[in-house]
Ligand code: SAH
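Only one chain is included here, represented as structure tokens and corresponding to the form predicted alone.
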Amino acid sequence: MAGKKNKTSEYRKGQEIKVHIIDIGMRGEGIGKLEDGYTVFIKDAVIGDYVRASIMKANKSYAYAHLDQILQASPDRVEPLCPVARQCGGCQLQALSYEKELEYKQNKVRADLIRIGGFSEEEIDRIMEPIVGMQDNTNGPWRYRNKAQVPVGYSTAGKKAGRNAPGRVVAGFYAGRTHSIIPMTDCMLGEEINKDIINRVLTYMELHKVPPYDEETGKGLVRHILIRSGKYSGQIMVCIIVNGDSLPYEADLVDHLVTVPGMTSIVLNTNTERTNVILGKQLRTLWGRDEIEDTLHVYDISADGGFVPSAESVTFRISPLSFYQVNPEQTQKLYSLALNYAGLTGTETVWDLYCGVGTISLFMAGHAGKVCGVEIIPEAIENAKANAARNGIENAAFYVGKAEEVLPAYVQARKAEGEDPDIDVICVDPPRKGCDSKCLETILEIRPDRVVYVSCDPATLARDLRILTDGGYRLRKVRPVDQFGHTVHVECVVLMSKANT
């Protein structure tokens, strides 16, 4: 058979195998076990499939293989709506039924809490609540993203033809683990209007011979098209990211875009760095407003865990640089769940760490005595303050800095004055790496009545919960939320309280 034999495995590159898929890996790949227990990871295979595959890379105890043929399809396999689902790799679970996807995510959180956190199965099963899926559970979640970041370049066919034949200008998505653009203007997770907007920008570029940016040479002009939309306001922002500080015929670009229904803002962003970071810091509004608005609604949680609309809402302004959750429908449920878990009565002091633009802070402010938000990004704190003022919220204060520095400094200052820190609830919503160890140490020192942990990574969540439980807290509730349908990512909200309460 083809391929060089691996020194640490009896399996080798190019070898054909047949295997049943029994699980899903961290990146959404199917996991199969051969008769001798050898593990194989196969992209695009789903639980229940029986497949033929070719080994691409073999290690001592596992291998990566290419899906060659589905010999027997899983009963949970569905046909992806996206025509480039396999090439793109952005939706790792699009071939899996949504019901099974939710089951997988529920089990993922449960397994990490048990395996990494060291919690017992009995404890987790007693406190874990069912995952919050999107409303359309039959066909799966589509058209939920309010943000699209689309790279622009020349078609691959044109590049192969040589420097003098660059091909047509295309926009789309990077193929998995590459920076090769797959032409695609209608991502099924984004708003339908995005297709029209992207095509209008491409038409403008072709008309005026505006070159796309080339990562290899650092030359060219248009790097990305960023589209942000307000799900509830209907407002749309288009931001063109360029390798320069201007575009030729800018007025014509505006003319191409202003007739899009809902168009509110057209912005130019300058990014001249040789970097994978999409946005630069310099912005110039070409037409309309500098920002768009959207509103998030607060839900009451019923006794059976359902979400009941309330009259309460918070309005946010969104700039090209603002952090704002990409799935507003589920964000409302995620933050309403955090508010419910906090158990506020109107008198508590709440600290919201890693607060971003203050979304959770402002959800909680109407139910607390005082809320203090902490975030390392100055622009986010300015947005948080502006959002508080816009909504008439006067009992929320925001501080720039690292959570692991601002909170301990506050505690030490209070103690130096002979005062108790007087913090009743701490909410954390950290990045994927989880909470800083100093932050966790300070929480254990303060010992608030309740800790609400909003997580985007079950593994680091489990690690941090173990530290807090070893320090005297007890898990009370755990509930996953499907914030990113068709992907392997899952959010989770956890309630902890002191073990003696």
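Position 1 is the first residue in the sequence shown; the rest follow in order. Since the structure is predicted, the reported quantities are computational estimates derived from the model, not experimental observations.
One more form of this protein should be noted, the form predicted in complex with this ligand, which is absent from this view; the next part is about it.
With this ligand left out of view, the stretch that reaches within 4.5 Å of it through heavy atoms in the predicted complex is, among 339-347, 198-206, 76-84, 323-331, 323-331. At a distance of at most 4.5 angstroms from this ligand in the predicted complex, none of the three residues E250, L268 and W287 contributes a non-hydrogen atom.
With a 4.5 Å cutoff on heavy atoms, P430 counts as touching this ligand in the predicted complex. When contacts are judged by a 4.5 Å heavy atom cut-off, Y299 does not count as touching this ligand in the predicted complex. With a 4.5 Å cutoff on heavy atoms, G117 does not count as touching this ligand in the predicted complex; it lies far away. Taking the partner from the other structure, this ligand in the predicted complex has no heavy atom within 4.5 Å of any heavy atom of S229.
Here is the short version: of I236, A403, V109, L93, the single residue with a heavy atom within 4.5 Å of this ligand in the predicted complex is A403. Interface residue among I360, V314, A368, V152 relative to this ligand in the predicted complex, by the heavy atom within 4.5 Å criterion: I360. Shown without its partner, the chain has Q325, Y335, Y354, C355, G356, T359 in segment 325-359 as residues with a non-hydrogen atom within 4.5 angstroms of this ligand in the predicted complex.
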